[in-house]
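Only one chain is shown below, in structure tokens, and it's the form predicted alone.
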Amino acid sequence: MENNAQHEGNHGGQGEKLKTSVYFCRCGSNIASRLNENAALLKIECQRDVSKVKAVNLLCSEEGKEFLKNDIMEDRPDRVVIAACSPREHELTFRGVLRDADMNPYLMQMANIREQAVWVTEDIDEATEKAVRLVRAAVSRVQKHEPLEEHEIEVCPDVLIIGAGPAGMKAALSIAQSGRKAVLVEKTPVVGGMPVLYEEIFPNLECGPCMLEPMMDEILHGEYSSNIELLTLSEVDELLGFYGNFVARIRKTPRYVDMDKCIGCAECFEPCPVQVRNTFNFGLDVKKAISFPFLGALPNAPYIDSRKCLRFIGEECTMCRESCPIEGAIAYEQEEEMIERKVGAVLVAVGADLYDPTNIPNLGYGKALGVYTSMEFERLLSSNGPTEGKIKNMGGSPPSSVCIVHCAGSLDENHKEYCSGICCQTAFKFNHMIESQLPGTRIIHLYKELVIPGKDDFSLHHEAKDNPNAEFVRYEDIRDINIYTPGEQENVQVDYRDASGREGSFMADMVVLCMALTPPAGSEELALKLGIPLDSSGFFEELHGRLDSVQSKVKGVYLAGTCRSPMDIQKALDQSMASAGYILSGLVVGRKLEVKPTVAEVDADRCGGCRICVSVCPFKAVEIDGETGKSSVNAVLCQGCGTCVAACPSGAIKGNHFTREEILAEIIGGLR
């Protein structure tokens, strides 16, 4: 151990003689049969700084690893080079062997002679020469390696979840069931997200509130609800810290109702003298200034709209308090709170919005009577909606014809270029519900493309295609559709040009626009608070679209559901469970967080405080000291990408294990 400690402290300074052992892996026949092994070993052995070369059949096998460990412990080299396969495949394997041999694992360098030499070079002599040069480069580089040390930090295993829709609720329950604490933040007064407003959910036409009610009840009253802190009417104001040690500051707007005392009897509604447009029904009806958002909303407690309540706009009114049978349930004295919670990870599951239909004026929204968005139509279909589930036109009578416009704003370079994924299934669901409630109603589908993925999704499409009252017309450009009210008629006229260029026209009592799914309002502001980027479409950007779709670019901040990309409820819940899996496996109670040393490091004496490193870091790992103005790197967040090293104009930042000296030595060594 004494000898080992001595050579671990040897950094390869000028004039120092370092003992370097090279282990040449034959990799079965993968390497040995594709080069001249004896010639390669002889050339490597002749290199300066190489004290020993040994060829091993399969170095990554159990026998090979045991040999490597024992040989290092016996010979005690200062540096080790492994000539084998890709470091991506076995670098961690061989670092582990060095640890077992009581040698610093960062005093090793791998030469990838399999993928970068013998597998890509047919000529044996050329392959041999390439392999030798790669080993020489590795030997030169490893002389400059430093004995880096890993360290551990304490972590908080609790989780902040932003958004109490299906994805957020599912993740909160998973976290709570493991014994962790979940802080569930929701900006509206209720849980459930968009699907709780749906009467039926495709493809199996399950009742939305019925399907979600068990999960919502578990959140509020279940076995693990004590591990879930639900904060409604709340938004994240600031997020400080890093993975394992975040501090979230949450702004909580008062409900003006004590949820511990209120029994949800609704006695306070009727006396209220103020009516306001109901935003949960998209302004299609009115409610009182104190009310439930909709019947069946959870938590089962009303809230006061302070923007409309007489008491909060300068008038004296206590009618809701006077009518309440529970003393203290109406709490005018509640004030806005700023709550701080320490968490180890953050899950963003804030859902999505619909594209503003007024951006496509030719569709007639807001101008022609009877033109609705798909969400507005969902509420018309819902039994707790403005028409108690009855499909009625503006005059109050059932429509005899309905036009459904697919891809409204989607697949369009002038609006949203991406496919929203759920619009076709939503349209087919509407087809079913219209036919079920109003048999014989004429239904005209104007579509740009039909997207019907999955093993269950074709059924509604087939039903719509087989409906003798349904017609399908394909269009090329949304600008080829013009919807308006002719004269003083109550129904609307739809003029169109189909994909073949043929023009047509028909009258409809009602039009439903299946608008594109878009990032939720406030995404930019939230992204800034969390320090995570948005993609080109405005959705929260994932670490990798295929391999790491639920991790953001900031370690410890995860994504789930439609805030990341358009998707249905099934995919959203799958992503929430994937995020919960990352969190539960990464932040284990009682286990410390291992921090890798292969990160950037700032020499404060050379730092000029220009902040270029802050602007280029993709992981938000660089911070500026408020007193000195110097930059520093948070080792927990840093991923060792080297962007700041390359960008620093004063050369004040060093990439550990990828220093300029190490890289230059590798280049020169390979040229000898």
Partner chain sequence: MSEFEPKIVGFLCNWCSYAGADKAGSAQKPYPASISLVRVMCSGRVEPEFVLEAFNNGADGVLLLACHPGDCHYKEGNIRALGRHEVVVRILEQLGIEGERFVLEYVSASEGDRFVRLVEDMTDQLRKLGPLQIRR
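Throughout, rigid core stands for the largest set of C-alpha atoms superposing within 1.5 Å between the two forms. Numbering follows the first chain given and starts at 1. The model shown is predicted, which means the values in this text are computed figures rather than measured ones.
Below: the form predicted in complex with its partner chain, not depicted.
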| query | finding |
| --- | --- |
| Glu115, heavy atom within 4.5 angstroms of its partner chain in the predicted complex | yes |
| Contact flag, Asn359 vs its partner chain in the predicted complex, heavy atom cut 4.5 Å | no |
| is_contact(Val636, its partner chain) in the predicted complex, heavy atom dist at most 4.5 Å | no |
| Contact test in the predicted complex: Pro87 vs its partner chain, heavy atoms, 4.5 Å | yes |
| Contact assignment for its partner chain in the predicted complex, among Gln47, Asn36, Thr643, Ser632, heavy atom within 4.5 Å | Thr643 |
| The unique member of Phe269, Trp119, Phe506, Tyr418 whose heavy atoms fall within 4.5 Å of its partner chain in the predicted complex | Trp119 |
| Site test, Glu91, Lys130 and Leu543 vs its partner chain in the predicted complex, non-hydrogen atom cutoff 4.5 Å | yes |
| Candidate stretches 332 to 340, 119 to 127, 290 to 298, 470 to 478, one within 4.5 Å of its partner chain in the predicted complex by heavy atom | 119 to 127 |
| Stretch 641 to 670 - residues with a heavy atom within 4.5 Å of its partner chain in the predicted complex | Cys641, Gly642, Thr643, Val645, Ala646, Ala647, Phe658, Thr659, Arg660, Ile663, Leu664, Glu666, Ile667, Ile668, Gly670 |
| Residue shift check between this form and the one not shown, rigid core fit, Asn634 Cα at least 2 Å | no |
| Large Cα shift (2 Å or above) at Val135 between this form and the one not shown, core-fitted | yes |
| Rigid core fit then Val512 CA moved by 2 Å or more between this form and the one not shown | no |
